[in-house]
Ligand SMILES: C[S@@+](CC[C@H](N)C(=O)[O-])C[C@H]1O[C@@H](n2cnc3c(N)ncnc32)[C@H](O)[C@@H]1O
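Shown below, as structure tokens, is a lone chain in the form predicted alone; questions about how it binds or moves come after it.
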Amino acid sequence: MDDHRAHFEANRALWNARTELHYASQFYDVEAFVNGKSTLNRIELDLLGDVNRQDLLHLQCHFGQDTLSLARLGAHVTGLDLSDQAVAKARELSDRCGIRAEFIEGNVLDRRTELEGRFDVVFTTYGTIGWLPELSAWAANIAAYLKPGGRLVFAEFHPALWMYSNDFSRVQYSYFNREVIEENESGTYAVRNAPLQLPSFAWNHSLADVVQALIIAGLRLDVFREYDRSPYDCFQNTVATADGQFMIKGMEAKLPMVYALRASKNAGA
């Protein structure tokens, strides 16, 4: 990962700058969350099952709303994120809500031996793996952190989306992981007119790359689903659907926007 150290540091700076903006934004609506609103979507809830009294690790947790929503379901939660500012805000939000949680600063590609074999569930969702240059270490770490019989619940924006320019006017990038996608971010998906302009570095990962990485890591794919809409209005040029989700205008019901899976670790592993 030394070859990508500069990329990670640039992305950390980006997410540090975004954190305070996001915490104060209507998109994340922290006040409603503090008052009891869950940030979990039906997509991931359908895959999770009962997490009461289970040990759960949330990778790339940002400032912890989903992590703490899982704690409200009875899980014993640990969140991990690259951004030190996000981790600090997650701890603040945990205290503010009176919800017990552990938050750790770190890169998901770096193995943390203290987490090995501790978790019934590893959870990671929406806008996560695009910040990783490769997935073998990601998948191997997930397998290492799971208890025997444990499960991964993963939901992510579809790689077909990331082929397009930000305004969805043209295909700009490969579906496959053949290049680093360097952009100069203006604003943020949660506060689009924010006075923020910083570089970002991302990578596209095909569905085959994701599934194969998990298989090589020793996980069994149990459920795989694709969706033609997003639960979040975080892209340009969207239209709302009747069920309160979002599609890309002009591509309604034609473009895959989200996929989700559940994978499990052999009980004898």
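A residue's number is simply how far along the shown sequence it sits, counting from 1. Not measured: the values here are computed from a predicted model.
The same protein has a further form, the form predicted together with this ligand, not shown here; the description that follows concerns it.
Contact check for Ala139: no non-hydrogen atom falls within 4.5 Å of this ligand in the predicted bound form.
When this ligand is considered in the predicted bound form, Asn204 lies well away from it, no heavy atom lying within 4.5 Å. The closest non-hydrogen atom of Asp209 lies beyond 4.5 Å of this ligand in the predicted bound form.
Though the partner is left out of this view, Thr188 does not reach within 4.5 Å of this ligand in the predicted bound form, counting heavy atoms only. The three marked residues, Leu161, Tyr173 and Gln236, fail to reach this ligand in the predicted bound form, with no heavy atom of any inside 4.5 Å. Note on the partner interface in the predicted bound form: the residue among Leu93, Leu82, Leu115, Leu135 having a heavy atom within 4.5 angstroms of this ligand is Leu82. In terms of contact with this ligand in the predicted bound form, the residue from Gly106, Gly149, Pro199, Gly74 that brings a heavy atom within 4.5 Å is Gly106. The stretch that touches this ligand in the predicted bound form, counting heavy atoms within 4.5 Å, is 58 to 66, out of 240 to 248, 30 to 38, 58 to 66, 223 to 231.
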